[in-house]
Ligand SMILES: Cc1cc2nc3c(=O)[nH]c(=O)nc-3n(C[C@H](O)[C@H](O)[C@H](O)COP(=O)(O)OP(=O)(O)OC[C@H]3O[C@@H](n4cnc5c(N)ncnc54)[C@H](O)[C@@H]3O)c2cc1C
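The chain below stands alone and is given as structure tokens, in the form predicted alone.
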Amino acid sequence: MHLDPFELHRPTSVEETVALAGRLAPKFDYLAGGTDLLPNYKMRLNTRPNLIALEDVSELRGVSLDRVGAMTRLADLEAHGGFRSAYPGVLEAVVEVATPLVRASGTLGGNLLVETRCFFFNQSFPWRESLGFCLKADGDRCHVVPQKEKCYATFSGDLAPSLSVLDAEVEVAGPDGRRRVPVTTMYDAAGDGIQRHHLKPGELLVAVHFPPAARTLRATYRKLRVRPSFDFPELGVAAAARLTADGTIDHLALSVGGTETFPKRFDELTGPLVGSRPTLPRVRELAAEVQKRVRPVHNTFLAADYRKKMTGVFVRRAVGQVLGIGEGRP
């Protein structure tokens, strides 16, 4: 496999980057760590003739308890003692991303916007050509759920669920200026594996912002994958909670990734538990209801039915852990 020719652009400011994106649109991709984009380019998956490298845009860097730049390397987050202490649930997700070598290059923003995955998409060009291609690249039909309208490629990031349960926001810059979007609502629940988020063409993810209340939450992240040392998530479950002084639930949030085309939060199920005392029966009821509602399809290595069943197991353990009952054990 090899990289086809492309022109590399190296802007040095957010404003220059956005202006450049406007001139090149739609024939460009942003290049952050490149750990997902460049392997896809080698397999000739949706290549563009221009890459805008973000390495020299200094505003996209920096780590504090309130803000993390989108170009921050995952390894730098992992090594940042203050961040690790303030957001241990996020760090649990960070260390689950691939391998140390990948985390040395991969970035926070890149993981939030990582491509959705499917074993009909993530293949070499000759393999896909022999099959007849697919909706997500070069074709006109989905091979997972045979039809020509929707792509079922699965959301494959680890950090979005863990940031979502902390009510973190992303800062986005584009032709119309800057705005902030909750991580929870950045992804398009009505979209598919191609149109998977609400970012406008040419918009750039600048940073992730954390509300002060995020540091008062107990959070965790649990991941299911085939090879514990490397693979993308077959399932990712994040939970965060805060209890009052008398032991009732003051806040509870739950987000599930790896089962559908977007990371899904379940406020309609966790909200009614606020104000009540945490009990194992309630946690089990919550886990069973989440399991009913997730809709994995057979487009990854593990069977859809197994991923669905394990969603209930992981939710039960994660929520039990953050609520301090059973420490997450069944």
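Residue indices: 1-based, along the sequence shown. Nothing here was measured: the structure is a model prediction, and the numbers come from that model.
Below, we refer to the form predicted together with the named molecule, which is not included among the displayed structures.
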Partner contact check in the model of the complex: of 25 to 33, 278 to 286, 264 to 272, 301 to 309, the stretch with a heavy atom within 4.5 Å of the named molecule is 25 to 33
Out of Glu203, Glu260, Asp76, Glu169, which one falls within 4.5 Å of the named molecule in the model of the complex, going by heavy atoms? Glu203
Please pick, from His80, His209, Arg218, Arg225, the one residue with any non-hydrogen atom lying within 4.5 angstroms of the named molecule in the model of the complex. Arg225
Flag Asp250 as yes or no: does it have a non-hydrogen atom within 4.5 angstroms of any non-hydrogen atom of the named molecule in the model of the complex? no
Might Val114 be said to contact the named molecule in the model of the complex, defining contact as any heavy atom within 4.5 Å? yes
Please tell me whether any heavy atom belonging to Thr107 falls inside 4.5 Å of a heavy atom of the named molecule, as the geometry stands in the model of the complex. yes
Ser164 near the named molecule in the model of the complex, any heavy atom under 4.5 Å? no
Is the named molecule in the model of the complex close enough to Ala241, Val290 and Gly320 that every residue in that trio has a heavy atom within 4.5 angstroms of it? no
Under the 4.5 Å heavy atom criterion, name the residues of 217 to 255 that approach the named molecule in the model of the complex, in sequence order. Lys223, Arg225, Phe230, Asp231, Phe232, Pro233
